[in-house]
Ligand code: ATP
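As a starting point, one isolated chain is supplied in structure tokens, in the form predicted on its own.
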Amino acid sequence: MYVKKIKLSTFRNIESVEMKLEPGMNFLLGENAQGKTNILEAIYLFARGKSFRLAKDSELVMFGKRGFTAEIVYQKKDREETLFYGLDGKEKTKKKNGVRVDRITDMLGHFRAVLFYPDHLQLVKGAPFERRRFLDIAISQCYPVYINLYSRYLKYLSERNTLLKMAQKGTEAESFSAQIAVYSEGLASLAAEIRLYREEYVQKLAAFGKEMLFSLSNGRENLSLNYESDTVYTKGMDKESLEREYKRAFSESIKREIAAGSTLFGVHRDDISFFVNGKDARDFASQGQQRSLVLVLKLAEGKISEALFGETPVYLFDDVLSELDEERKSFLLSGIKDAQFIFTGCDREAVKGSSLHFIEVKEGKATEIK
């Protein structure tokens, strides 16, 4: 699939833009703070359902305006489709192919995109939260039901932690036991389901990532991934068996959890480890290897989407070409067949000699350049 056109009105610093894009390589060129990333943000809004900057909808509105509108026209294999999202005051409007839909989740799963922005370069050695977030966002694009699943998990987790904090104070601690047990049951069920989604995705990520890193490194580097959990777990368990394992962990740790005032086990604490030639990348990967790993993980994310749905997603790369050396840049710009890439950057020389469609972005306006 590819984006044919994007229309924005009073979206961040963009007063009004209607911009056409090419099916292959596109480059949004301009100085910082001109609106390049805002355009990517608007496109990705239709893939994820919210800003990748963790902004509220109200923060997407141009200063002094009541709201914004964003619309993309995109081509799938057999048809053209449109998605529209607007905010007017507190009223939101969502449309798919011109027909209003009630929930943002009704729009998800139709348009798919892979985002790579500078913060992702910390994915390998950064905090576990960043790796979990990477997984959760990628999975939710493939399985929109996962969003609801994880939202429910976080709600149960919050309620259980509140009860644990209350019990920690010692006032009528025993009266909380039955309530904690109820939330433990619900949390165990949701954790088991989330865990299975994540482990299946990590397996796919490892397979595609291994192939790509091997190619990028000219056969010098082999990649493997491992899903890590501090909950005792034997691979191959079905949902029911895994649920029992979580229930056991919650039950056996209840005294420690009351003392800590928080839930000490569960998928909210899990992590992914990356190994290059058998060595843990968090400890041994060079800066160049870290960049290679993140690059292949992002491309592998797209390959998983393509394998599941039969169409390439749109790749959005925000100001990362300047972070890559010539070898990695060349690997990326060689592209994935039949895929659309939309890059942003300040320096046209960074892609000198490459066949790209250039669009200059300046003061929130976009102009095609040769």
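Note that residue numbering follows the sequence shown and begins at 1. Fair warning: this is a prediction, and the values are worked out from it, not measured in the lab.
The form predicted in complex with adenosine-5'-triphosphate exists for this protein as well; it is not shown, and the discussion that follows is about that form.
Novice: With heavy atoms only and a cut-off of 4.5 Å, decide whether residue 32 touches adenosine-5'-triphosphate in the predicted bound form.
Specialist: Residue-level check for residue 32: yes, a contact with adenosine-5'-triphosphate.
Novice: Would you check, heavy atoms only and a 4.5 Å threshold, whether residue 306 touches adenosine-5'-triphosphate in the predicted bound form?
Specialist: No.
Novice: Test of understanding: in the predicted bound form, would residue 59 fall inside 4.5 Å of adenosine-5'-triphosphate by heavy atoms?
Specialist: Looking in the predicted bound form, residue contacts with adenosine-5'-triphosphate include residue 59, since a heavy atom lies within 4.5 Å.
Novice: I'd like to know if residue 38 sits close to adenosine-5'-triphosphate in the predicted bound form, meaning any non-hydrogen atom pair within 4.5 angstroms.
Specialist: So residue 38 counts as contacting adenosine-5'-triphosphate.
Novice: Exactly one stretch in 51 to 59, 66 to 74, 326 to 334, 297 to 305 has heavy atoms within 4.5 Å of adenosine-5'-triphosphate in the predicted bound form; which is it?
Specialist: Residues of 51 to 59 come within 4.5 Å of the partner.
Novice: Even though the chain is shown alone, can you say which residues of 306 to 332 have a heavy atom within 4.5 Å of adenosine-5'-triphosphate in the predicted bound form?
Specialist: Residue within 4.5 Å: 319, and no other.
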